[in-house]
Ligand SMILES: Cc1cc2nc3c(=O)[nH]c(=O)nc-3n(C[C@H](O)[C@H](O)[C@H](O)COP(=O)(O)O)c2cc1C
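In structure tokens, one chain follows: the form predicted alone.
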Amino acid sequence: MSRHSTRKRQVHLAAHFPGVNNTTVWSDPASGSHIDPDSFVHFAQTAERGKFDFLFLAEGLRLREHAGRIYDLDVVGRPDTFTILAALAGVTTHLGLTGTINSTFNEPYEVARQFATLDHLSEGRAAWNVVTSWDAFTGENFRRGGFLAAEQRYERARSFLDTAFELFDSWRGDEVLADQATGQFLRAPGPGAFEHHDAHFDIAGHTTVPRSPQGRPVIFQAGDSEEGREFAAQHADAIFSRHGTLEEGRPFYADVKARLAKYGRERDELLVLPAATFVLGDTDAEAEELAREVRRAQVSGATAIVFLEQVWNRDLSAYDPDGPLPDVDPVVGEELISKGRASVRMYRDPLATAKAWRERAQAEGLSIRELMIEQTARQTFVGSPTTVADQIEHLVEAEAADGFILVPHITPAGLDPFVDRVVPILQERGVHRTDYEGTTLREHLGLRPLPVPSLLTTTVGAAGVSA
């Protein structure tokens, strides 16, 4: 009997279209466009060929700036999320379509209509990664302007999601009769009625989009804070995590799963799916060498200086990236040299970070660039196809994850080697599907169907109000 034959846990796989950060090596000769429709089509169809659960799109609501200029060492700009996903619905048949849509600057009615429409167009494959926006810099692009403090952002996000759920449930699914003989289109008047009043939203009316195949999109959440974990435990179907190692993944997995009971939910009602990068080679040694080359391509000398400036918060352009770290200390203050980057929040104590980095650089003999490579550019999975399959299977079996959202460093063909070389091994071991069994994303993820709202909850004036 094979040593893999008794392993039961299935590996969920998804694909993150390479984003506008240094993970993506746009300078590689094999890299293609991040705008051309063919890039999105190739990427999506490759993921579907590998029987992945879904494709994931991140969101950028403002171009990042550094030292007062548009930051252009990484990819700049990307098309609208809903438009891309709607187009991909027409060139795929099973792949889930997940879009990151902000709850700080959008409105529930508009977002509910868009996701219900996408779920119809894709015949039940839509998913929504619910995020909040944290900075005034991004807020300047919107009429509301400004930003909300962390506790207010999640309060608004909870209200936003509650309101969107009421909108999704305002249609039961049996309202349209369309009796051509009698000329009666609706079974009863008043479909789509909703009414919601709280501190954030004061709206009432009728939703225009009938109930979609899934009832609502699958809900993702990507926050790692205490508030984010609690939000995921209460509302999400899956959580997009950054904890892809055994050491970090198991505690995170146990933590979020343990929170479900207080909301009357079972452990299998929330999937934990860390982001994961990968480098493959014919042998482990070859993969390690390729990984070193990729890391150097991801962190050029100019990129290394910019990364350092994000912590030092001052101009360091006079320093040699192949030389030692600066003797000067970071500038601590509210005004930041880098704007629009979530990563700057990781370094809440720049002086302590600078001290730790200097100590490591001195102990290991690292230059600025070498240190930045070590700090920022580690791949999750490196090895031969068999080694990578072993690593993935082990992490899922150890309950460090339910699967992984793969982030290639090349667009659009960076996913192809994984699908061609690793997926068949996982399929042979019986831990990844050889074909889709269902048609909706909820089915791919093993989530139970949503209950259909009763007539009483969709009558005018009867919709719930969030606290």
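Keep in mind that this is a model prediction, so the values were computed, not measured. In case it trips you up, residue 1 is the first one in the sequence shown, and so on.
Heads up, the form predicted in complex with this ligand isn't pictured, but that's what we're talking about next.
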Review point. For the chain shown here without its partner, which stretch in 365 to 373, 81 to 89, 222 to 230, 289 to 297 has non-hydrogen atoms within 4.5 angstroms of this ligand in the predicted complex?
Key: 222 to 230
Review point. Which pick from Ser170, Thr132, Thr277, Thr163 sits with a heavy atom within 4.5 Å of this ligand in the predicted complex?
Key: Thr132
Revision key, fill the gap. Heavy atom within 4.5 Å of this ligand in the predicted complex, from candidates Val419, Ile410, Val431, Ala58, belongs to Ala58
Check your understanding: Does Phe194 reach this ligand in the predicted complex if we count a contact as any heavy atom within 4.5 Å?
Key -> no
Point to revise | Heavy atom of Tyr154 within 4.5 Å of this ligand in the predicted complex | key: yes
Review point. Heavy atoms within 4.5 Å of this ligand in the predicted complex: does Phe240 have any?
Key: yes
Point to revise | Heavy atom of Asn313 within 4.5 Å of this ligand in the predicted complex | key: no
Practice item. Could you tell me whether Asp74 and Leu290 have their C-alpha atoms closer or farther apart in the predicted complex than in the shown form, knowing the shift is 3 angstroms or more? Key: farther
Study note, to complete from the structure: Evidently the Cα separation of Gly77 and Pro18 changes by 3 Å or more in the predicted complex, so the atoms lie closer
